[in-house]
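In C-alpha cells, one chain follows: the form predicted alone.
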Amino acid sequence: MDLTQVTEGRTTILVPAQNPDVHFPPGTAPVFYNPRMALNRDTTVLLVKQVSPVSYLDAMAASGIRGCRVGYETGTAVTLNDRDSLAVDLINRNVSSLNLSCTVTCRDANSLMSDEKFGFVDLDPFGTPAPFTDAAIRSCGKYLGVTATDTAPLCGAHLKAGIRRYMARPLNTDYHTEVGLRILLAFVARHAAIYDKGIIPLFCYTHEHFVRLHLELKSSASAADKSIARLGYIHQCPKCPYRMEETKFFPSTLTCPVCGTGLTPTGPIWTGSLHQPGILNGMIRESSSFMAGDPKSLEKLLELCKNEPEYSFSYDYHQLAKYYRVSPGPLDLLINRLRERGYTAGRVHYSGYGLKSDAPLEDIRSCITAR
C-alpha cells in the first residue's frame, strides 16, 4: 500500500495514495480518507475542547484522522475502531508516529458499542448512520456525534429511501438541506427516547454533501418527553411559496391560506434549536487560535450559525424573486427592510441565497418588490 503524508490541523498522519484523475479520489484507496471532510473534523475537535468528555470513541475510524486529531489536539482518552484489519494496521502506525496513548480495536462497530461505554461516541460512516444509531445511543455516556452523507434520501431526492432509513417523509424543497438536518435530529431523538434519554443539540449543521450533529444526551424520562415535544412538521404549499412550522407529534391536515391548496407535511423533524449559545460562543473564541484543516470554511460557518434565526425552514431569495417576477437586489437589503418592520431576519449557514424570517409571506413579498 503506497502511503502519503497529510497534515490536518496540528495532526500529521499517513494515508493511502489516491488516484486524482477520477471523480471521487477517496474511493480509489484501500483505506478511506476524504480531505473534503476537514471542516467536519475541525468542528468536532473544537466541540470536544468545549465539553471535555471522559473518553471518546471513533467508531469507524478508517485512516484514524478524526480520532487521532481528537486525541492529539485535545488530550482526550481516545479509542479508535475499525472492522477492517488493513485500516487498523494503518491506525496503529499513525498512533505510534504521533506517540498517542490510546486504544485501537478491530471490531464490528455495533458489537463494540453494545459491549462498552464511552463519554463521547462518534459515528462517521460512509453513507447513512441509521444502522448504528441505536447502539451508539446505548454506548454513549453523555455526548454523541453523528455524520450522514446520504443527503439524497435525507433531503427528499430519493424519497422512498429516506422513508425507509429515517421513518420520516422528506421533501425536496428549496430548503431541503435544512429538512435533512432536522429529519436526522428527529430520528436520533426518537431512538434516544426509547431508552429514556433526551437530546440537546450543541452544534448541528449541514455543509456541502454531509449533515453533522453534536449532541448531549440527558438520561431521564422527563428529558426524553421534552425532546419528543420538540418534534413536528413543516407544511409546504405545492403551488406557492407559503410554508409553516407545526410542533406536534402527528401532522394536521392544513390548507394554504394564500392560494387554498392543501399543504404537504414533511417530517417528523426537530423544531428546536440547532445550537447551544454557550457552546457556539466558546467554539468561536477557541477558533481564533485554533489550527484548522479548513480555516476559511470554519470561520464562515461559525459566524453564520451564530447569527442564523432559529426557524425550521428558509426561503430561497432568488426563487421568491422569480415567483414574484422581480429582479432580486442584494439579500442584505431585504434583510434590513424586514428588520426595519420589526421582524427577525437573517441569512442561513447552508446557502448564499437563503433567508430566515418570522415575517408573513405577504410582508416578505412587499419588501422584495419595494422600490
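From 1 onward, residues are counted along the sequence shown. Note that this is a predicted model, so its numbers are computed, not measured.
Heads up, the form predicted together with a small molecule isn't pictured, but that's what we're talking about next.
Within 4.5 Å of some heavy atom of the small molecule in the predicted bound form lies at least one heavy atom of residue 124.
Taking non-hydrogen atoms only, residue 313 never approaches the small molecule to within 4.5 angstroms in the predicted bound form. At the 4.5 Å threshold, heavy atoms of residue 187 stay clear of the small molecule in the predicted bound form, well away from it. Heavy atoms of residue 191 never reach within 4.5 Å of the small molecule in the predicted bound form, leaving it off the interface. Stretch 83-91 is the answer when you ask which of 157-165, 176-184, 280-288, 83-91 has residues with heavy atoms within 4.5 Å of the small molecule in the predicted bound form. Among the residues 226, 107, 300, 248, the one placing a heavy atom within 4.5 Å of the small molecule in the predicted bound form is 107.
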